[in-house]
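In structure tokens, the next block holds one chain alone, the form predicted on its own.
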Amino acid sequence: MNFDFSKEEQLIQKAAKEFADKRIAPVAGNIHRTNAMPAEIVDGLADLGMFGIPFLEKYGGGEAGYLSYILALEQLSKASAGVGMIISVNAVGLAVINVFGTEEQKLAYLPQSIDGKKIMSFAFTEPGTGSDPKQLTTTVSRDKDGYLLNGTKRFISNAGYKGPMVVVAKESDTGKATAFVIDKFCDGYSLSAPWEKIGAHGGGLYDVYFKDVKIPAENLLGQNGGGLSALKIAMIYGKIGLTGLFLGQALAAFEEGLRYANEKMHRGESIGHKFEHIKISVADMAMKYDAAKWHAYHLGWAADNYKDPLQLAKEAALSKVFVAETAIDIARISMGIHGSYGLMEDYKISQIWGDAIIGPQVEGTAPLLKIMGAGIILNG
């Protein structure tokens, strides 16, 4: 395996970088301050095909693979973690429907969220149970036309956008977790105010309330009791997206530290050229970014080539942890290069720190993912 990228991969990476530099970066500060993503950014991403990079052409996707997806997410997320969050979560819902959906469901839901006209969500986490599948309290009960959905989901990304949502809930009669697809903003669907999280601003995060939401029988996703299988797919592909996102934060922190080391002057000479400890910091950032980059790119390659889903789950879990933790390391070193200025909101590194620090806590905490990965390794 090598990373001599194909022409298509290079073009996707270049397109993402150009859009990030020209369209996202100029408004990234405002996204951070307002925690709102401009509609023209979402529309521009849709026009570029950034919502459907790894999915089949027959549904409107680019069919370019997950390595291309990570290459694009790295560049886009470098400019705004919120952009990466929107794309990544949309892809999670798409992946679950792509694996478990009927052909009718795929034709109904994939094209609209691949072309960015509608934005997908995935809803599993709950206020009292976190992501423990054995303690779900959101329920579906059967009625004459299908199901009724009731309950609350917590920390749901993209819930404020119109589009499909994959929901995992407990069947009231069997107690089994089952997945369904619904349309957001249907009758009985409502939202909290967006959570004021410390990072990834612009990627809206909500509590979602379901009150007697009617789900047609044909919106059952997979089999009754198959909700945990849907969750496993969501976890794998969610971690692939977040690996690309936090690689973008690692690159952003590296570039900010390098820029400051070159531009900050001390008695007529840049601190990067004058002080040995700054040189060491630059080297440390470079080493850590390269390690994170190869982890992330390998994961993209693995998603395109591995046949064993268990091994892909292991790669996704451990790569996400490594890249997320390394992004924090690089941001910390970059903050050190900035000195006291890094503590000021005027400097981008303070924003990057808030974006990076959330990495080990989302899509499974770092300790949990390490335990999961170790279990797969130990069992051979």
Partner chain sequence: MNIVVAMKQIPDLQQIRIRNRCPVLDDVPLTLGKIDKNALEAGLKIRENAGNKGRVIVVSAGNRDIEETVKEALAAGADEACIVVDEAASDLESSISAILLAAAIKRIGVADIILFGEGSGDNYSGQVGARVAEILDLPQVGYAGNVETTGRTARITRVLEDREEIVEVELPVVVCILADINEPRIPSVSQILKAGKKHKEIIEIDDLTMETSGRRIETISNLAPETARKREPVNTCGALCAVLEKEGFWAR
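Numbering follows the first chain given and starts at 1. Fair warning: this is a prediction, and the values are worked out from it, not measured in the lab.
Just so you know, the form predicted together with the partner chain exists too; it's not on screen, but the next bit is about it.
A.B. asks: Pick from Val321, Ile41, Ile349, Ile53: which residue has any heavy atom within 4.5 angstroms of the partner chain in the predicted bound form?
C.D. replies: Exactly one listed residue reaches within 4.5 Å, namely Ile53.
A.B. asks: So in the predicted bound form, does any heavy atom of Lys370 sit within 4.5 Å of the partner chain?
C.D. replies: Outside the cut-off, so no.
A.B. asks: So, in the predicted bound form, is Glu345 in contact with the partner chain at a 4.5 angstroms heavy atom limit?
C.D. replies: Glu345: no contact with the partner chain in the predicted bound form.
A.B. asks: For Ala64, is any heavy atom within 4.5 Å of the partner chain in the predicted bound form, or not?
C.D. replies: Because a heavy atom of Ala64 falls inside 4.5 Å of the partner chain in the predicted bound form, the answer is yes.
A.B. asks: Does Met335 reach the partner chain in the predicted bound form if we count a contact as any heavy atom within 4.5 Å?
C.D. replies: Residue-level check for Met335: no, no contact with the partner chain.
A.B. asks: Within 4.5 Å of the partner chain in the predicted bound form, counting heavy atoms only, one of 324-332, 54-62, 24-32, 351-359 shows up; tell me which.
C.D. replies: Careful reading of the contacts points to 54-62.
A.B. asks: Using a 4.5 Å heavy atom cut-off, are Asp143, Gly151 and Lys176 all in contact with the partner chain in the predicted bound form?
C.D. replies: No, the candidate spot makes no contact with the partner chain.
A.B. asks: Which residues from 340-378 come close to the partner chain in the predicted bound form, meaning a heavy atom within 4.5 Å?
C.D. replies: Going through 340-378 in order - heavy atoms within 4.5 Å of the partner chain in the predicted bound form - there are no hits.
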